[in-house]
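As structure tokens, one chain now follows by itself in the form predicted on its own.
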């Protein structure tokens, strides 16, 4: 997940930084590719799968777009701002293509299906459009595009999981890695495009997930994050027989690889996180005590319009149970301001539930209508933009206070920290995270420590987004 720094995100999606990867020595490859990824961690994980497929075809990664023979944007469709960002980047890449006619430009991911005609024919910004389930066909699509034809494959699959592809770890810190355990989503939240862009849920087989996690551990990684649109609905039936494998079973299997391999997961739908999952988290120390539990709205009427399938009171009871079973568990959320017809009183319900839950951090947005969603078909987007922005600012300001309160409560405590690398502000300091997913910065007092080491750190101070500590003797 992102660090604990809370940014004042207005209308942006849950968007990660774009990145241009470097994977191995690019000089051993005859051609080079450049890729940028936007959106959720699933997109970044998908880019690592794409990199693996491209390497098999003789493409090496480059950080310099001017050196590339192939430029790819792995896109997000969850917010209008994300699409605007991608269009801007494609326009910039098109200018490079004018100077380098052999350059191929492709769009991957969630924008592919929805905007394929516009991107290919109307705006002529790209040569290829490839959906999330079509990455195996990239070699053929590249060959097609090289002939001057427009190459398209946006078909969704009922069984594609890329389980047999070993991802290339792009721009990895060598400590933490993402492992995709399932694809798609069966929850038809009315505001969300994911079921239409990524298809229905299909879970990857247990053995391949555990094998990938074990390989990461043996390669020196100390932390894996199990990824899915809704990991708690993971469900796999072994064709050879036996009991169905649930997410609790999978969590345990990965935790048993080694007690020093930290295990995280994201994202959880409140309706699906089970008692068995909570008890498994308690049973194994190396399963991190942190849950991302998206709320979206604190009002029951709005939740029903969103098709979230739970009420305000039910969500509060789930928070109570998490706190009871896992005292001190880190908790974060997703929040949407200004959904269709939301009143001021209903907005206040969101604020009061935030206070009740005491989130450590949140991803906060105002409602952005997405074409094709249930909400776009059923409900008018009737909240003025200035009202949405003002309500979002209320949410952000409250979350800032909650984050500072949460961090202040940790001053004086000691946490076991996994060192991820140098602090962004100073090479004289280490940066790592606690089990509860809080970023901790502390001076390099012990020369024996290195990236990937575990160390006990006492918290001596904090900011709103970061705990400041010292190594405990």
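Positions refer to the first chain, counted from 1. No experiment lies behind these values; they were computed from the predicted model shown.
In what follows, reference is made to the form predicted in complex with S-adenosyl-L-homocysteine, a form of this protein that is not presented.
For the options 90, 326, 336, 302, the one in contact with S-adenosyl-L-homocysteine in the model of the complex, meaning a heavy atom within 4.5 Å, is 336. Here is the short version: of 222, 312, 347, 308, the single residue with a heavy atom within 4.5 Å of S-adenosyl-L-homocysteine in the model of the complex is 308. Partner contacts here mean any heavy atom within 4.5 Å of S-adenosyl-L-homocysteine in the model of the complex, and among 159 to 167, 256 to 264, 190 to 198, 315 to 323 they occur only in 190 to 198. Looking at residue 370, you'd find a heavy atom of it within 4.5 angstroms of S-adenosyl-L-homocysteine in the model of the complex. The shortest heavy atom separation between residue 229 and S-adenosyl-L-homocysteine in the model of the complex is within 4.5 Å. Using a 4.5 angstroms limit between non-hydrogen atoms, residue 391 is distant from S-adenosyl-L-homocysteine in the model of the complex. Within this chain, residue 236 is remote from the site of S-adenosyl-L-homocysteine in the model of the complex, having no heavy atom within 4.5 Å. Contacts between stretch 275 to 301 and S-adenosyl-L-homocysteine, counted in the model of the complex as any heavy atom lying within 4.5 Å, involve 294, 296, listed in sequence order.
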